[in-house]
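The chain below stands alone, shown as structure tokens; this is the form predicted on its own.
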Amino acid sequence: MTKTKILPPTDEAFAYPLLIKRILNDSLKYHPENEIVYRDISRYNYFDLNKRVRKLANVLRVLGIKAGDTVAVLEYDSTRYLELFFAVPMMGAVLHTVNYRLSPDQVLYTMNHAEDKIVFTNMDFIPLLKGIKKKLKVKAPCVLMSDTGSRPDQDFVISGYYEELMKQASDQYDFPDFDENSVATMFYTTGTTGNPKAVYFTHRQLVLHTLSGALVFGGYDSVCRFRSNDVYMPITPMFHVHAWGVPYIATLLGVKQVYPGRYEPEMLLRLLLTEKVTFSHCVPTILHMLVSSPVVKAIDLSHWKVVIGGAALPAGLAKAALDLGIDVITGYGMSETCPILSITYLNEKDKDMDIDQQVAVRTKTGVPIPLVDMKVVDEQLNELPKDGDSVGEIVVRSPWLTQAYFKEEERSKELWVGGYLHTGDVASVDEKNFFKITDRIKDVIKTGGEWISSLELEGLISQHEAVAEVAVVGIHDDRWSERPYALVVLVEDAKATAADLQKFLKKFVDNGTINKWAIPSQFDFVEAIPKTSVGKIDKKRIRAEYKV
């Protein structure tokens, strides 16, 4: 590293640490009167949020939580979760956002591995906790959260009820300054093999991620802007990478926030209309569920901006959303990256493009956001040309990438080979710095010595009017090594055969988009495609269940 001049500060200078409390403090500067809404149950403003965060810190203190302790949360997207997003790390503790969609054994593993000291849980997850409590190494006390005031069975030991504890708590709490490199959050990401891996992020990382996210959505001349006059509703679980970090961005900007609780199509649509939501983010399956609703055709969605992530945005879904007036774009990141790495860049001039051109841009992986060094490399970490054709692995450096997996030395070394975080995603990049992921390394299909992108095939098949969802994997073939295999969910009351879809794909052979050997030999039509706990297509499960 280059040797530079560093001058000592004066004794009176204050070394200003980048702490999450700075984000909350700034929420009172511009629009403190804006509301924070939970379903049709409660609403309050940013003055109240700040007061409730201080109350919650006092609750945690009385329950024995101190700096360095880990606090687990099992909860739907709620204002309670938002309060925990701030109170826990602001007092120096670590927030463990538990993925309640994991199997009971995996939830047990994550809670033991994280050494949780206390659990805040929604009443709905009491059966889950009852099933694993005897095997929990840390006998974590439990604080219950309920929308109805219901109580658990008497044999379940608790420390109290969230709102009752909040009523008793003082709203005075002086959050301390401490090292900005202190761990603030932790959660677990599942892979194809082994136990879930724990990633963790510091205060400094989360503040820088928040600032860069606010800049990319508000500072550039691009579609899908997110500013202080927007109304935000997450449709990505708050346990999953801090709901992509957007609640922190929303709080910094002081925007009106709407939390839907458990995801129910009717509630989501009702809140979308009654609260006049303008900005959301979700995985493709959730957007597909919403745009497929019969109700949606009678709704004006021209004010709604949606960032899609977690999986590729299929061209057919992007076109369906645009036809409804939804300003839809692609975001890219991973659990290990906090998560935002890139966002679609499409400015006002580009909106003159026809819909097919717009779909082509909006479904790309996007342009790296500020402070992200992202490139495509070969196996020797040599950077490949920005020609839109050369394909390699995306590797990345940024100030907010997890520095290791918790208690996983070997896996951490694999993640950071050569000093770059390895994403496992195969992509190309063009001269305008637009990245386009073609597949996961493990999902590329090799047939007769040629490589086929399963994501590209999914995008093309999704454009058929009868196709609602599609997943493509490689299956073993004695002659060709592998052949593409497609699982398809049809639009309700629509009809299509394998021959119909093969004929549809031939037009993409004729125009040079794909080669003829890329057309799947086998199509299976199913009612639903297997998904992971965060709504991604579960290709590992498809290969296992469909014996491919």
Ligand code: AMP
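Numbering starts at 1 and follows the sequence shown. None of the values given here were measured: they were computed from a predicted structure.
Another form exists, predicted together with ligand AMP; not displayed. Remarks below refer to it.
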Does ligand AMP get within 4.5 angstroms of any non-hydrogen atom of Lys531 in the predicted complex? no
4.5 Å heavy atom contact, Tyr332 to ligand AMP in the predicted complex: yes
Determine whether any heavy atom of Arg440 comes within 4.5 Å of a heavy atom of ligand AMP in the predicted complex, and answer yes or no. yes
Using heavy atoms and a 4.5 Å limit, would one call Gly309 a contact residue for ligand AMP in the predicted complex? yes
Answer key: of Thr423, Ser182, Thr278, Asn122, within 4.5 Å of ligand AMP in the predicted complex (heavy atoms) is Thr423
Among Thr189, Gln403, Ser292, Gln168, just one has a heavy atom within 4.5 Å of ligand AMP in the predicted complex, namely Thr189
Which of 456-464, 332-340, 316-324, 207-215 lies within 4.5 Å of ligand AMP in the predicted complex, heavy atoms considered? The stretch 332-340
Within 222-249, which residues have a heavy atom closer than or equal to 4.5 Å from ligand AMP in the predicted complex? His240
